[in-house]
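Okay, here we've got a single chain as structure tokens, the form predicted on its own, with questions on binding and movement later.
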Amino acid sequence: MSAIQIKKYRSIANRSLQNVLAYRTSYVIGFLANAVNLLAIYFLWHGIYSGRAEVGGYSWDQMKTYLLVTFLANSVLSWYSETSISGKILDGSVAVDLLKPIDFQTARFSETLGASLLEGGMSAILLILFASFLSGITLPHSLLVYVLFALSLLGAILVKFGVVYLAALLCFWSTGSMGIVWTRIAVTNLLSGALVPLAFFPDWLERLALYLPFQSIIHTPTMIFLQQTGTLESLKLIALQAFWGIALWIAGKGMWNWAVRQVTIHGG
């Protein structure tokens, strides 16, 4: 990729960030909704742990940390990114992108990074404020763990984008996106460990989830942050994230090429 192309995609990321800032009211409402959601999940698990020292191999302190890390990992790819991709397909504006000298997939990934920069940053601030009122949060004491965790978050962004992008491309064969989006969210949240840790699953379902790419989104970052994996195992998990990220990227490129050759764009 040339320096000129990099500059183009950086400009797309900046414009995406500016779009989020332009619709501040919508963003604030979404941010407050996320805060309420975090509180609701916290009190739900607080009730589950009432009178119990441990559930599914997790202490209450570990579960509190798990919930915070899950919230952060889920926030690094925004709802705006998901709806903007499907929206371009459904309203036909994707036809304009076909005429531009840029790669559609890379441009959408740039938009995702731009929008997620703000949302991820604000979510991190929310978590810091939330954690300041809690006791017993399990924090790593090793700088290496934080480095590995940061790498796993980057891997989670790449994998989640791949899943979201493939789901959004299904809109080429649909007149709406909400069913696709909610199905994608349900499957991803279940099999990534966002709803409950994978260790809570029946053995057969846990094994299945570990073979699928979804676990790279939540399970991997949380395991690394909670230090439930050693350094070598953490590197293997990050390498698996890279594998799935690349595989999903290639699948997305193939699906895009097939779609634009065979499908008439709705509204276009």
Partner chain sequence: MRVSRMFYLYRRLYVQQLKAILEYNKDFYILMCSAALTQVLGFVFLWVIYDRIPDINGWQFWEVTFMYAMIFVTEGVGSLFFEGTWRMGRLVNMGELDRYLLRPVPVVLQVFCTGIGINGLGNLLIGGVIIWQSLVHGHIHWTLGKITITLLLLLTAVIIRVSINLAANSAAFWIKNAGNAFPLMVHNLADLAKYPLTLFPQAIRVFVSTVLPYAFISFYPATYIFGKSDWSGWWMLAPVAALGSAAAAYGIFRFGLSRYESTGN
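Positions refer to the first chain, counted from 1. Source: prediction; values computed, not measured.
Keep in mind that the form predicted together with the partner chain is missing from the display, and what follows is about it.
The candidate spot formed by 33, 186 and 201 is fully in contact with the partner chain in the predicted complex: every one of the three has a heavy atom within 4.5 Å. 39 is the sole member of 239, 39, 232, 53 with a non-hydrogen atom lying within 4.5 angstroms of the partner chain in the predicted complex. Note on contacts: among 118, 137, 180, 154, the single residue with a heavy atom within 4.5 Å of the partner chain in the predicted complex is 180. Shown alone, this chain has one stretch from 154 to 162, 107 to 115, 171 to 179, 122 to 130 that lies within 4.5 Å of the partner chain in the predicted complex by heavy atoms: 171 to 179. Of the heavy atoms in residue 195, some are within 4.5 Å of the partner chain in the predicted complex. Residue contact check for residue 48: one or more of its heavy atoms lie within 4.5 Å of the partner chain in the predicted complex. Interface residue remark: residue 43 is counted as part of the site for the partner chain in the predicted complex, having a heavy atom within 4.5 Å. In the predicted complex, the partner chain lies within 4.5 Å of some heavy atom of residue 190. Counting a residue when any of its non-hydrogen atoms is within 4.5 Å of the partner chain in the predicted complex, there are no hits in 213 to 227.
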